[in-house]
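What follows is a single chain, given as structure tokens, in the form predicted on its own.
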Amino acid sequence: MSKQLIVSQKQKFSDWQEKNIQNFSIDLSFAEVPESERTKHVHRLHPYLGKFIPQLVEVFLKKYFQPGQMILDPFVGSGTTLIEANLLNMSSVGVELSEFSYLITKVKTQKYSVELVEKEILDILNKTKEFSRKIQKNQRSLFEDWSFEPSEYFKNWYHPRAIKEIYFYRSLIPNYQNQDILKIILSRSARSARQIPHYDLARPKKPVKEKYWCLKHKQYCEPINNAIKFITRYSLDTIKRIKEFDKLRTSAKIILLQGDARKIKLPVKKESDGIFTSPPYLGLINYHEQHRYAYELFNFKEYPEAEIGSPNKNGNDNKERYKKDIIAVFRNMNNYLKSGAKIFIVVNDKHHLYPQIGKECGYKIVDVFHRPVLMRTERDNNKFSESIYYFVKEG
């Protein structure tokens, strides 16, 4: 990158920062917010590439909406908007096409008997620990009186011991009431237990089967050979996070629906006060492949034809098709929005599609805010930018 381009980019970021501080009294890059706050309580129950940080949602909801109002999110993803709306005592309705993303958000937002959750998580964990000890000692036991056939994906990306521990845990899940929570714990563990470089969890290219130089730890590391350490870690972490959110949540209603936002019917009348959402970025992330381990474990249905903007083989990332699909979503949401409703769309709009999308949906553009985004989950830690379009529904 040339020095002139670097200087120009820094000036652009500086101009954005000045405008954002004037409007929100805060820098919307949130560069100074520690990782623990970016991923507080249930926001980190499961990694999810591409989600916006909760502080961004909080800032906009606080400035432009009031407690008691209703917020829509037609692209729920991992549920950030719904959670932050609840914390601010705002009702919310969310729609998600992906069964896996829907599950993540359902687990984050559902109200639980915290005591039962802790009891069940610890019970299945202890059974799996005992099983793990026995297979390490090659002991035959009642715990091994079960059969399973791992998929080719698991045979390729996991150590044999990790496969046994993961599949054994999965076999126990039907014995418990809080099965969805246990699925999320196992999915999160399976993500970490893959035989991949420690520094490349987000976009691994191939499994590693031998010792390798680790860019994260600056030393030679061995390929991961078990899953139980992650199952243990994430079991305890999940209990902690669910307890934290249970103490903070309000009584504001959360309605979560699994389906296609282009045509789904919402169980609310024309009473919603606005939208805060982040549509899929055109051609950037294939969410099915991002979470292939979960799809293999739980046989989630895939929707390759319907997935908006995905860089798959179905042409979903064609610009005109993308624009048409996004317009269809917001036109459908218009059926549930009040006149004058405020719409905030967070997107990396490198093709400048959203001014036209807004016009086609009957929205008047009020403002556009920009922010640099630190890609903290990516190895290169580069910056890219997001735009937050502020529209108002006319008529």
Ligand SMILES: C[S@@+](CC[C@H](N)C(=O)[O-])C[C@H]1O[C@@H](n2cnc3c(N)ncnc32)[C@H](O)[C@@H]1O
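Counting begins at 1, following the sequence as shown. These figures come from a predicted structure and were not determined experimentally.
Below, we turn to the form predicted together with the ligand, even though it does not appear here.
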Tell me, out of F344, Y48, Y354, Y336, which residue has a non-hydrogen atom within 4.5 angstroms of the ligand in the predicted complex. Y48
Looking at P150, P207, G259, P311, which is the one with a non-hydrogen atom within 4.5 Å of the ligand in the predicted complex? G259
Report yes if any heavy atom of L97 sits within 4.5 Å of a heavy atom of the ligand in the predicted complex; otherwise report no. yes
With the partner left out of view, is C214 within 4.5 angstroms of the ligand in the predicted complex by any non-hydrogen atom? no
Check whether Y363 has any heavy atom within 4.5 Å of a heavy atom of the ligand in the predicted complex, and answer yes or no. no
4.5 Å heavy atom contact, G77 and the ligand in the predicted complex: yes
In terms of non-hydrogen atoms within 4.5 angstroms, which of the given stretches 67-75, 227-235, 244-252, 182-190 touches the ligand in the predicted complex? 67-75
State yes only if every one of V59, N86 and Y389 has a non-hydrogen atom within 4.5 Å of the ligand in the predicted complex; otherwise state no. no
